[in-house]
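The chain below stands alone and is given in structure tokens; this is the form predicted alone.
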Amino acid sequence: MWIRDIAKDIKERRVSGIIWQHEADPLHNKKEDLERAKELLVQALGEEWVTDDPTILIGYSRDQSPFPSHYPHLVVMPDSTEEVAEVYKIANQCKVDVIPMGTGLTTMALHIPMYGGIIMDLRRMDRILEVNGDDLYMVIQPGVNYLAAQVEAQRVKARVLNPSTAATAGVISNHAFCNINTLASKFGFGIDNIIDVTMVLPDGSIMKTGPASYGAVKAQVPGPGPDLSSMFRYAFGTLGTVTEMTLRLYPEQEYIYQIYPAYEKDDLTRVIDVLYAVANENLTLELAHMQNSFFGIFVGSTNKEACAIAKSMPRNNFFTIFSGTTMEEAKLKADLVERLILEMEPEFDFLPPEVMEDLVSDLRSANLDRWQKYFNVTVRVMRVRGSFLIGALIGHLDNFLEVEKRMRESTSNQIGHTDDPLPPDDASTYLQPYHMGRSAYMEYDLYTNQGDKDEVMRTFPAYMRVMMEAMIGEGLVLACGAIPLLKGMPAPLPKGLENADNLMPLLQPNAAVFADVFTEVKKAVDPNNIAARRWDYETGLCKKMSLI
């Protein structure tokens, strides 16, 4: 019987296994420093919560994004703010990098370590510390996901703002990224709803902001004076880790009513005008626009269902949800909005609920009650194709018409088109007004099959191209931030523009000022550059060309 020599086979095929050294001549994450760090971490956290076992590390090397894997050297699981502080202190002492991880649900590789080091898994810190239904606030730790938070809020007849993510996403980590949420016209972005935070800075010191910093009762308006509660947003772990957050809650609405405005034309011209007018009236509890393909992926639990819904729905659809202390009040608001829409654009249709039910009658997992709850009660985003690249942009609604046209054309030129109900260049546009239409959010998602490397290769350049089109062409701002991710990154640019620092001011003229401020703050709070290190202080450059 022939027995395969596995060790010899691996050697001959040059399979390298886990990469332990991620850069040439490393100043951080040296073998001897990692060994010392592990000993100190075991003393601080306990042996059970520190590991360098390759079978565990491999689980932290990838996420739902199409980006390549990078292995950490160590994984630790602290259980308190004080233990998080100990991890940072030891990391500084041993010159080992640290990247925090909430619940691990990310599609942009934000907790994958570029240069190894420590991944600080915060899922043990999953406690809801306080829920107050009278003063409408909730205090949580980073391991709390939206499902758990929403359930506890509903116990006191309240609710957490719904995000555009899955129910298992961490609430704090979602705020640290984009945190686009519903209730848009009334209550702003998710960042507007943070009351205070407790945060561990990269040197291990503990900072409290807002009411928590001076022992005040948790109020709905933090103060007095300047507040640092949102300094961590878009920092992606480069400025430390939030270990507690106080969120605003909102009363659960007693009566809910929904209408279904639809516009068949594949033209956003009138859609945007009508969307702005409805937002400005401030009668909707929730308001958003979805194209049929986004709707299909939003609701369908499989590719088959997503395609069927996309075929059945009109091209442009509004989610308009109304609330009131009585059903009569909710319906009156809906009637006023319906009249407004028809006065502005008579070609809008209003699909009766029974027609909407009919459209999905053969789909067991889709019904009107579920649609409404996806948007209004639970959380959503069905990633039926495996992974996606999210194009998140903020600007004015009247800018989006030209932006969407430019982006769609660039996507088609880069990827190509098919006759499939969900073609690769249909990026599922989703528009949402905020602050009564004074600002707006545009989501432009490109879905990829993570198992198909050719599709990933086609999609990634398209994503980069369309984002630049939107920023250069109409001056939109990336909703997920860019400076901490792009700082010092090498780029194939003309001579004199060899890295992203030189490119950013061309894309966003004010970016240079923000980049300089971010750089100085990072150096001040993280003198050893161990917190989610991406670029070196000495050279100002990132050694790897990557978005992760």
Partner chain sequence: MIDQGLLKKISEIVGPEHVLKGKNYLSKYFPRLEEEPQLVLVRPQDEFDLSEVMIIASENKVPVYSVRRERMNDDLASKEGLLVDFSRMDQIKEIDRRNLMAHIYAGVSYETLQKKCLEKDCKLLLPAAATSRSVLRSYLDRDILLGSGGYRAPNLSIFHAVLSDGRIWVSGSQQMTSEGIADFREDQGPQFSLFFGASEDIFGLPFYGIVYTYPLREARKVLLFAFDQLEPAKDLAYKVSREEHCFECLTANSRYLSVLCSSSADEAEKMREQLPPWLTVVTLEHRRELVELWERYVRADAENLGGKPLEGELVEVIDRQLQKPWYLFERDYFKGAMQHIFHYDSYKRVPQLFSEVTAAAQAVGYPAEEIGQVIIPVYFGGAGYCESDLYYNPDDSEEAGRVEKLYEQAYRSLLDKKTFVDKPVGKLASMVYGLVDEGFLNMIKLFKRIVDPAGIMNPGQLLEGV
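These figures come from a predicted structure and were not determined experimentally. Positions refer to the first chain, counted from 1.
Same protein, other form: the form predicted together with its partner chain, not shown, and the subject of what follows.
- Although its partner chain is omitted here, in the predicted bound form all of 210, 250 and 516 have a heavy atom within 4.5 Å of it.
- Segments offered: 461-469, 311-319, 339-347, 90-98. Contacting its partner chain in the predicted bound form at heavy atom distances within 4.5 Å is 339-347.
- Listed residues 474, 244, 455, 83 were compared with its partner chain in the predicted bound form; 474 is the one with a heavy atom within 4.5 Å.
- Of the residues given (272, 256, 139, 390), 272 alone sits with a heavy atom within 4.5 Å of its partner chain in the predicted bound form.
- Contact annotation: residue 156 falls within 4.5 Å of its partner chain in the predicted bound form, judged by heavy atom distances.
- Contact check for residue 234: a heavy atom falls within 4.5 Å of its partner chain in the predicted bound form.
- By the criterion of a heavy atom within 4.5 Å, residue 239 is counted among the residues contacting its partner chain in the predicted bound form.
- Looking at residue 43, you'd find every heavy atom of it more than 4.5 angstroms from its partner chain in the predicted bound form.
- Residues from 320-343 that approach its partner chain in the predicted bound form with a non-hydrogen atom closer than or equal to 4.5 Å are 325, 326, 328, 329, 332, 333, 336, 339, 340, in the order they occur in the chain.
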